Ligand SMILES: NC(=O)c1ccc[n+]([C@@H]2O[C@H](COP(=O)([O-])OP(=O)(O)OC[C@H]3O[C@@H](n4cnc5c(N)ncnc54)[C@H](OP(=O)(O)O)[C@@H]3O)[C@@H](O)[C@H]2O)c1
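Have a look below at one chain only, the form predicted alone, in structure tokens format.
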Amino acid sequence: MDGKRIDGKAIAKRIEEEVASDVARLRAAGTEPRLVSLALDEEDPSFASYLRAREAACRRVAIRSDVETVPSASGERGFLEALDRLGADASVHAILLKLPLPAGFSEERIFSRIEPEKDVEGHHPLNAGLLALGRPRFAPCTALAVLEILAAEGIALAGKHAVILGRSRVVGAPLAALLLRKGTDATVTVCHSRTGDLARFARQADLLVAAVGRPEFVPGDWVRPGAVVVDVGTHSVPDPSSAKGWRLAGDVRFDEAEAACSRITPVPGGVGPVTTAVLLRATARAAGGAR
């Protein structure tokens, strides 16, 4: 069974090696790439854990990584003011938002205030438009990570049926646009909470991407024999057998899906590390003046 599991850590390592070379050239030319994460000052253990992993990756490639926290009491206005300040700061090359945004915050207003050339997740309407036109400057890193994984594994997509479970602006929708591009040429179905009979669509997939945000939502009998399964979800679920009392799980029931598929990304160690590596590459591109 291990031969079916895609090693995201190994793919991420190769990307990091390329990024480290790019960063070295930028530093030699006098530019220190800098990534700033913007978040409210709320306690969030999962975000803290993510930051530790991301900052370790930044250190490995010599990218400066900082976190800017906005007082919760300042609300959306404080968040927008922080975005304006970071956008005007020439030492900041890349801006990353902690998502999802808090209840009551306008996604449209906030995404529109990110400096487009520092918007390494592709949220700004200009970057979203370039993606829709098939010539992305920046795109959501998780969606790009899925393509990186498929390319690294030599999985051809032309003429294949890709079924994406989830239509979010940060994974499902941009991934569909990327898969439809000329040169990739997949046939794409996007399913969502209003789709009837999800199982019927999932069982048609040559490539099944689970991005529904619900732990172990996809059972093994939704997987067509021989399909490739990419699990985007990461969740903490109770596990009395673990010393920690919990374990990480994805959107897919892993053991069941692994029995049917040809290739599958595990959780952890699949999409997550590659997403971080893609973010590092986007930061280096932003520091180099990506257009």
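Residue numbers here begin at 1 and follow the sequence given. Fair warning: this is a prediction, and the values are worked out from it, not measured in the lab.
This next part talks about the form predicted in complex with the ligand, which is not shown.
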(request) Identify whether the ligand in the model of the complex is within 4.5 Å of every residue in the set 170, 193 and 235, based on non-hydrogen atoms. (result) yes
(request) Select from the listed residues 208, 211, 218, 175 the one whose heavy atoms reach within 4.5 Å of the ligand in the model of the complex. (result) 211
(request) Consider the chain as shown here, without its partner, and state which of 12, 279, 19, 271 has a heavy atom within 4.5 Å of the ligand in the model of the complex. (result) 271
(message) Is it the case that residue 184, even though its partner is missing from this view, gets within 4.5 Å of the ligand in the model of the complex, heavy atoms only?
(response) no
(message) Considering non-hydrogen atoms and a 4.5 Å limit, does the ligand approach residue 198 in the model of the complex?
(response) yes
(request) Decide whether residue 166 counts as a contact residue for the ligand in the model of the complex under a heavy atom distance cut-off of 4.5 Å. (result) yes
(request) Give a yes or no for residue 142: in the model of the complex, does one of its heavy atoms lie within 4.5 Å of a heavy atom belonging to the ligand? (result) yes
(request) Within 4.5 Å of the ligand in the model of the complex, counting heavy atoms only, one of 185-193, 155-163, 87-95, 73-81 shows up; tell me which. (result) 185-193
